[in-house]
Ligand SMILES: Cc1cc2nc3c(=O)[nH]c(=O)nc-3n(C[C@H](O)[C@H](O)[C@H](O)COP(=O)(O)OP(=O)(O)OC[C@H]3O[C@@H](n4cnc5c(N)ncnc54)[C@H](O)[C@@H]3O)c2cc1C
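Presented as structure tokens, the chain that follows is alone, the form predicted alone.
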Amino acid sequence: MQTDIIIIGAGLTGLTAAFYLKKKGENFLVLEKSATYGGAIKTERENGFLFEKGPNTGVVGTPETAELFEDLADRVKIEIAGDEVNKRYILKNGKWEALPAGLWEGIKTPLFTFKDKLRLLGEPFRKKGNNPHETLAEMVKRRMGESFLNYAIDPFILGVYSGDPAYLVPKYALPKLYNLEQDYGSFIGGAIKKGFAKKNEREKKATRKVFSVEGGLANLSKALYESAGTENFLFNAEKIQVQPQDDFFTVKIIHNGKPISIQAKKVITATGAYALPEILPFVPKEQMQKISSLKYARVIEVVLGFKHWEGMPLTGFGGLIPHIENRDVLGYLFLSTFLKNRAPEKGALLTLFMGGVRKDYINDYSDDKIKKIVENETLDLMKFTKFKPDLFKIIRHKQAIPQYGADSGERFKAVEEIQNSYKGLILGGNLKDGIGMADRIKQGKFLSEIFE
């Protein structure tokens, strides 16, 4: 069996690459170890609710994201979140406080200390950092103060990475924030200058709007899969192993209990870093260790559906809970507030998250213990008198979100060295280039163009 290009992994990255390869008329095959496409993206309907069992939303953070939906316009429709998404809450001392959206709100908010509010006035005049491996916690305390770290940045990081600001390194985890300081000398000054900078028509497509898909995110995966050609996918491909030959690669798999050997000129991996040692056994162990050692946060996702909502008013995107508050929940998303047709008319759909890097032990709790924690926390935080959800789902993600720490530079260098040593082999996936849906789409398109 022969083909020109093999893609390993049919998650969002692999699907996007396959879609654009198909558009260019390339000869390719996608190998996926599971029984279907989509990776972590899974949408279900049950009891009047439409909910996700993986990513819940994305951000139109790159032009490639907008362009993908333009290219798929006849198959899937993007759903831009309602205006409610702009209001976000942070828990402080057991009370939800609105995250400031402007100067006056920033002055009045109890989230930050008076000292740090004054300190913020001097942020544009502070020297920029010179340590590329400075952690996010160190950077924020240096430029903005500890209360901003505890009640703005920390909950944001919990919401995005389920991570620890004292581990994540902005140069790798939040390069746009890092570059604001490096290029402009200031977060505030850099943001203002970038805001006034002229953008071309393509750059304007990156609106930063929160999005989903009409009917759920799985419809995006389906549109990509069908558009890329269902004949170009092989599922239940187990024990995938790549071996380089003189001018091609031999890819061996077990499919339906039978060994299959495939020859390809080029191979693209679009998997987690943890899967690569088995897939690429020819890579020296010391070199591979720099990639496969990437830390992933374990996360528990709990979906709650109520046909008749009797809790606090749900008027925003959701609420995040800083680590300093010492709760067993990382935060809630109020999905039915800003997305359509997610719950019955007078009901509500919420998703909450638990575990993460700093409370990893929660991932080992039984379902019964998880349910009890969710009940206690939700009764308190959502102002219920009784906890009787019409939908309750526990989803466990063993390798949910990669953590871009100080070792990321070595990982990226190892990727480049491997690719230079084995021409035609490209390592993609969330081990580099960002973790969000927009990042995955951008990388997927890039992977489809890399051999041109």
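Residues carry their position along the shown sequence, with the first being 1. The structure displayed is predicted, hence computed values, not measured ones.
Another form exists, predicted in complex with this ligand; not displayed. Remarks below refer to it.
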**Complete:** Partner contact check in the predicted complex: of 418-426, 66-74, 48-56, 383-391, the stretch with a heavy atom within 4.5 Å of this ligand is 48-56
**Prompt:** Even though this ligand is not shown here, does Ile321 get within 4.5 Å of it in the predicted complex, heavy atoms only?
**Reply:** no
**Message:** Just checking whether Asn27 would be counted as a contact of this ligand in the predicted complex - the rule being heavy atoms within 4.5 angstroms.
**Reply:** no
**Request:** Check whether Ala270 has any heavy atom within 4.5 Å of a heavy atom of this ligand in the predicted complex, and answer yes or no.
**Result:** yes
**Request:** Tell me, yes or no, whether Phe249 is in contact with this ligand in the predicted complex, where a contact means a heavy atom of each within 4.5 Å.
**Result:** no
**Asked** Among the candidate residues Ile153, Ala275, Ala223, Met288, which is the single one with a non-hydrogen atom no more than 4.5 Å from this ligand in the predicted complex?
**Response** Ala275
**Residues within 4.5 Å of this ligand in the predicted complex, restricted to 16-39 and counted by heavy atom** = Leu31, Glu32, Lys33, Ser34, Gly38, Gly39
